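The chain below stands alone and is given in structure tokens; this is the form predicted alone.
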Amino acid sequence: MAIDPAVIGTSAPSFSTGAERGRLRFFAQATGQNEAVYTDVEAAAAAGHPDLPVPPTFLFCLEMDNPDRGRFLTDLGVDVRTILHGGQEFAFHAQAYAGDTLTFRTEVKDVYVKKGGALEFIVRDTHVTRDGEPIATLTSTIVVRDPKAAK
């Protein structure tokens, strides 16, 4: 299956979600964050933060709150049994905090093939904003295997 390069530049509907203290504390524990600023509001305030800071990779967790997160691949006709995680990058513009409502808008940045079409790559940028202020750009790459092309 070839992914139509016409999808480059298209966007999925945006959605908003909140960064909650409880989820941030759980994430800090799960990822071994030992710095108190990620779990203790007083320690965060003493460090100059208005609330618990959102760790960079937690933004990918919040992106999973998208109620239509599987729709993109379904609309492309991609069988999720053929995809692999190809990579991710972050570009940060401002710090997010507990209590913030963040908006996520994802667009297709690039589509290309390798190995004679056996592997297709979809590169997407998710722009995270707070009241229109850029917070981060999350870049993810999805690899789609075409078993028929590999033969």
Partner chain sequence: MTNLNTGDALTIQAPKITRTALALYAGASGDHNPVHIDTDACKAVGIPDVFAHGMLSMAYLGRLLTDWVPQARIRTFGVRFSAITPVNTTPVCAGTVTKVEDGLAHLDLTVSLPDGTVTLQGSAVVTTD
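Positions refer to the first chain, counted from 1. What you see is a predicted model, and the numbers here were worked out from it, not measured in a lab.
This next part talks about the form predicted in complex with its partner chain, which is not shown.
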property: Gly32, heavy atom within 4.5 angstroms of its partner chain in the predicted bound form; result: yes
property: In the predicted bound form, Asp110 touching its partner chain (heavy atom, 4.5 Å); result: no
property: Close approach of Gly86 to its partner chain in the predicted bound form, 4.5 Å, heavy atom; result: yes
property: Proximity of Ala91 to its partner chain in the predicted bound form, heavy atoms at 4.5 Å; result: yes
property: Answer option from Leu119, Ala98, Cys61, Leu102, heavy atom within 4.5 Å of its partner chain in the predicted bound form; result: Cys61
property: Residues within 4.5 Å of its partner chain in the predicted bound form, restricted to 39 to 66 and counted by heavy atom; result: Pro53, Val54, Pro55, Pro56, Thr57, Phe58, Phe60, Cys61, Met64
